[in-house]
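In the form predicted alone, a lone chain appears below as structure tokens.
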Amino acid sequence: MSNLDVLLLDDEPIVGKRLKPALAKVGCEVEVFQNPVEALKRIDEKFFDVVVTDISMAEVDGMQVLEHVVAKNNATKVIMITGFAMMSLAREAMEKGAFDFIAKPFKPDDLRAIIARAAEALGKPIAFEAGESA
């Protein structure tokens, strides 16, 4: 089983701290970024199977990250995180090519379930059992 390369971008450090180990447990290689500009540079350097990005960030927002990823390689599955469940923004993200959308607060299992679906869609299934502890 091959690992899934995941880039996780959220300007809140706690998000990466909580999610990286939870995703590593199910076979994901996770690179965590808090700065969207640095994340975009890394996306240009390396192919990621999945990009998980917060929508609302200061310098570059998640919609710009989504557009950048889709333009670079539309095989990458992009999952959008938002602190406020803004459904119009969610719909816009989906129209622009996002794979899925998750609203904060969420449990690591919730994100793992979406990443498992993305992995399945990529033909790279990961070992995920709902209800596993983080």
Partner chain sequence: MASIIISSDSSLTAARIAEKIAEKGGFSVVNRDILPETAQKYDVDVAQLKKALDKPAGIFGMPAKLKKQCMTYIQAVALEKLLPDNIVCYGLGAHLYAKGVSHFFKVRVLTRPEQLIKELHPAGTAPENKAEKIIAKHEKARNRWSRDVFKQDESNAGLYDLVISLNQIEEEEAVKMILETAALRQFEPMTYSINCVKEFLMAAQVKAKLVERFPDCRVRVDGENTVIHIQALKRNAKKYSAVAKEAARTVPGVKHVEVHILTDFIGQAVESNR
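Numbering follows the first chain given and starts at 1. Keep in mind the model is a prediction, meaning the values are calculated, not measured.
The same protein also exists as the form predicted together with the partner chain; that form is not shown, yet it is the one meant from here on.
- For the three marked residues, E31, R42 and K72, no heavy atom of any sits within 4.5 Å of the partner chain in the model of the complex.
- Under a 4.5 angstroms non-hydrogen atom cutoff, the partner chain in the model of the complex lacks V37 among its neighbouring residues.
- In the model of the complex, the partner chain sits beyond 4.5 Å of every heavy atom of A116.
- In the model of the complex, the partner chain stays beyond 4.5 Å of every heavy atom belonging to K46.
- Looking at V65, you'd find every heavy atom of it more than 4.5 angstroms from the partner chain in the model of the complex.
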